[in-house]
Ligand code: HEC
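Next up is one chain by itself, shown in structure tokens, the form predicted alone.
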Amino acid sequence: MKLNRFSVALAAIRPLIGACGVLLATTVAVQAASDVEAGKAASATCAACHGATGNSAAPMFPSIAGQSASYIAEQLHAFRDGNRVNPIMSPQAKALTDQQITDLAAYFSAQTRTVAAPSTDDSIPGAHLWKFGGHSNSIAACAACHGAQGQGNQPAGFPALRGLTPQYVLESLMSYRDEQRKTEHANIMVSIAKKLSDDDMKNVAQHIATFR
């Protein structure tokens, strides 16, 4: 029985292992060609929603400070190319050159993420999904890619989630489930989100809100 459970769990994370090498190579390439100071200069228009250092004060806008450079660049390219659609971000990204995207990614990646007011209202089911996965081990633990406290995995390009609001996390999971994002990371998350119920998503989002 233990062997069978291990085999199922391994099958759940195998796609994540394969994607890790691709994302690592992307991270190295982004860092090699970046200019942090140029990214800081280009970030002036980003500050209104994401904060001057990438720490957002508004629940509908994500904090991007300390996010992996490869992930930020991937998302900006997706917004610009129409693989991820947002009424605010899409027109902003369309005005960016490849170099500006690389520089912005490097700048925000170099910033320190802060969590102003972590929630004290946790979710036990959400904590279990985060730490151990679920649905008979068909869903890998969220912590396997995003870290025990949602700090992410910069070398592999898996995003940091600590500091994101339940509202933003829930909307993101629903977007993945509805296949509204078409990126390397989305390919991983779509398969996971499709197995989550609405309650699963709310519970995980609430647990993420407790990270400091």
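Numbering starts at 1 and follows the sequence shown. Since this is a predicted model, take the numbers as computed values, not measurements.
Just so it is clear, the following notes concern the form predicted in complex with the ligand, a form of the same protein that is not shown.
I88 belongs to the set of residues with a heavy atom inside 4.5 Å of the ligand in the predicted bound form. Interface residue remark: A106 is not counted as part of the site for the ligand in the predicted bound form, having no heavy atom within 4.5 Å.
Using a 4.5 angstroms threshold between heavy atoms, S123 stays clear of the ligand in the predicted bound form. Within 4.5 Å of any heavy atom of the ligand in the predicted bound form lies no heavy atom of A127. Residues S172, L173, Y176, R181, T183, H185, A186 are the members of 170 to 186 with a non-hydrogen atom no more than 4.5 angstroms from the ligand in the predicted bound form.
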